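In the structure tokens that follow, a single protein chain appears in two forms: structure 1, then structure 2.
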Structure 1
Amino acid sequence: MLELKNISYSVEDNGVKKDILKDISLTVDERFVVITGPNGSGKSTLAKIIAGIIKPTRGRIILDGEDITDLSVTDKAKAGISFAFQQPVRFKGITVKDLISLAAGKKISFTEACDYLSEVGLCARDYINREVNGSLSGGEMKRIEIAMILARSTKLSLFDEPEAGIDLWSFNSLTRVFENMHQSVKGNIMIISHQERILDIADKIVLLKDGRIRQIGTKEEIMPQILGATGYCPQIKE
């Protein structure tokens, strides 16, 4: 379970203090939680704070009862947080199988690597020995990254706008993968997104606006608020 207690984050902009996040308190104990909101609401900043890429100006982060606020990104990963970037990192000279083994923290068999790739809809025979380089499309990289997170099997799997930079076919495939993850991942899944199809499979939706939490609830409770009073409309993909 993840607990955010009074998380705030501020920066200096030409000598003027700018508040990006303002007193965010949130408990994540559902299997699948989506953080949504308009551009500039602080979604990606919140994801980076949880992952340890940046530190909050104020507040605490608790993971399964342990205060991890001041841990580095490496130590937060060891504590049980997996983080998927908007643009997955490419590693020239490293094969897909090597990358999945690194994620798992042990040498895995060919069959095990194939199983992880199959779970994200990739034909293992075509990908297992490929280099993780520019020859892979954005959608392929996204799914390989998810396979890595499945191999890690951590307490919290965090995705920052996984739909960014991919085509419609890849987005549809990713949505199916997330639907399957809902059943197969043991820990909590948190996705930063403003895609209606991802919102639609969430157990809980958290709406951010102007750096504050505006609404928390189920999709049945939150979607009318998103489409109505907030002035924010999610992106819809057919």
Structure 2
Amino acid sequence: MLELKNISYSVEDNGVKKDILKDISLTVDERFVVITGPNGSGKSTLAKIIAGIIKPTRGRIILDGEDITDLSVTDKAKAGISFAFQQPVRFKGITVKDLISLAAGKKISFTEACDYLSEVGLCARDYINREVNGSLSGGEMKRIEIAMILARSTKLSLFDEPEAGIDLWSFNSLTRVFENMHQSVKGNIMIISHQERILDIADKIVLLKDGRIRQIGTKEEIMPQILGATGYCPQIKE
């Protein structure tokens, strides 16, 4: 279980203080918690704070009762947090197999790699020795990013807009990945998404706006708010 207590984050932008996150308190103890909200509302910033990539200006982060606010990125990862980036990172010379092995924390066999890759719709034979460099498309990168999280199987997994760029692969497959992942890992899964199909599987939806939690609830409760929130166009859903 993850608890965020009064998380705030501010930066100095050209000498002007800018509040990016304002007093976020939230518990993640369900199977799927989906964070949604307009672009620029602070969703990725919140994920980076949980993963330790940026430090909150104020507030505490508690994982299974333990205060992990001041842990480094490495130690947060070791404590059981995984984070699939909105923009996956490319590496020269590092292969898909290398990355999945590093994620798993051990050398993995072809069969194991195949399990993770086929789950995200990639054929291990074609991908295992590919370099994770500019030769992979955005959609391929996103799937490999998800496969790494599967290989880590930690108690908390964060996904930042996992659906972006995944065009050919159906959203049904993506939601099934999350469901299978929950079955095998039994952890909590937090997904940042705008996708209605992903909102459908949420046990809890958190609507962020202007760095603040606007509402927490079920899809039925949140949908009218989402449609009313500025920055959302009901015509551009998929």
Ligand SMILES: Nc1ncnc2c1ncn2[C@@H]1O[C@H](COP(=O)(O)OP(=O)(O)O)[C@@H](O)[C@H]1O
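Heads up, when I say rigid core I mean the largest set of C-alphas that superpose within 1.5 Å between the two forms. Each residue is numbered by where it sits in the sequence of structure 1, with counting from 1. Note that the structure is a prediction, hence the values are computed from the model and not measured.
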The form predicted on its own? Structure 1
For residue 175, does the CA position differ by 2 Å or more between structure 1 and structure 2 when the superposition is done on the rigid core? yes
| task | Establish whether a shift of 2 Å or more occurs at the C-alpha of residue 198 between structure 1 and structure 2, with the two forms superposed on the rigid core. | result | yes
Shift in angstrom of the residue 18 C-alpha between structure 1 and structure 2, rigid core held fixed, comes out at 2.3
